[in-house]
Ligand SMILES: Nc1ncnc2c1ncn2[C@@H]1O[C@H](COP(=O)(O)OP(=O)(O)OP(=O)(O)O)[C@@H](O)[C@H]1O
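Coming up is one lone chain in structure tokens, specifically the form predicted alone.
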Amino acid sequence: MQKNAKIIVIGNEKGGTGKTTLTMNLIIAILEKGFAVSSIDIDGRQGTLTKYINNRSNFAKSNNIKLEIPNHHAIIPTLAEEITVDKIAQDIENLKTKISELKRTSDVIIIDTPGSDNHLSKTALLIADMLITPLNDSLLDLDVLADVDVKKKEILKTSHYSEKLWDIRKERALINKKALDWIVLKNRVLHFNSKNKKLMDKLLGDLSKRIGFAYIEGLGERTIYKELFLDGLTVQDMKKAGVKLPMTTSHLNARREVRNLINNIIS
């Protein structure tokens, strides 16, 4: 019997927002809740999520310990210089087929997308139940959603990415798909109050009402997240026997961040 798998897309057409770190922490935290999780890397040529998961498998094997690992698949899209209508259609069919297969055994399917627009990203968004867009806690990164007049502290107009999502929502309505839940997640958050942080909160609040998303705080700007990549670990692994990680206040706060994040995403 096919499960009613929840499909979550992690998407942002901007690099450096901590997208893969966020994706991996979500995957492992959801696995630890007892859900069957599959993951798809459609950023196939960069493949950072795939590398992260391979690092995790190698670490578990080398240290003879059991770690939660998702049922992972990478889909490599056709190179831009080789694109044809037929190859685009085949790429899309490959993704749809893989999602259909994974729905039979998964409670949650998480799809990591590239930091650029492509046909696979659009296909994933037409199928998904939820989009999570990580955004650096910086006015410089807000332009992925909107043009901002910093002096007047107001939104001038929505961005190409926001307009694209509006078009995707309309297309979903035409094919009788339910509304796409959209979460904008402030990521790499600095741990002090500032005028910039207050202005970001105001602008995101205004923008959320205008284009329809919920926004929450994600992961902080912590060295521990970067350090764990080479071993394929997450902050959730600190409590596992055999994985020796220092339990500093920062690390404990990192675990709390992930728990709070999961509670906002998975009910």
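Just so you know, these numbers come straight off a predicted model, no measurement behind them. Position 1 is the first residue in the sequence shown; the rest follow in order.
Below, we turn to the form predicted together with the ligand, even though it does not appear here.
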Query raised in the report: Of the listed stretches (195-203, 60-68, 31-39, 212-220), which one has a non-hydrogen atom within 4.5 Å of the ligand in the model of the complex?
Result: 212-220
Query raised in the report: Taking the shortest heavy atom distance, is residue 73 within 4.5 Å of the ligand in the model of the complex?
Result: no
Requested in this report: Classify residue 226 as contacting or not contacting the ligand in the model of the complex by the rule of any non-hydrogen atom within 4.5 angstroms, answering yes or no.
Outcome: yes
Query raised in the report: Does residue 251 reach the ligand in the model of the complex if we count a contact as any heavy atom within 4.5 Å?
Result: no
Query raised in the report: Would residue 43 count as a contact of the ligand in the model of the complex, using a 4.5 angstroms cut-off between non-hydrogen atoms?
Result: yes
Query raised in the report: Among 188, 103, 119, 172, which has at least one heavy atom within 4.5 Å of the ligand in the model of the complex?
Result: 188
Query - Heavy atom contacts to the ligand in the model of the complex at 4.5 Å, residues of 120-152 in sequence order - result: none
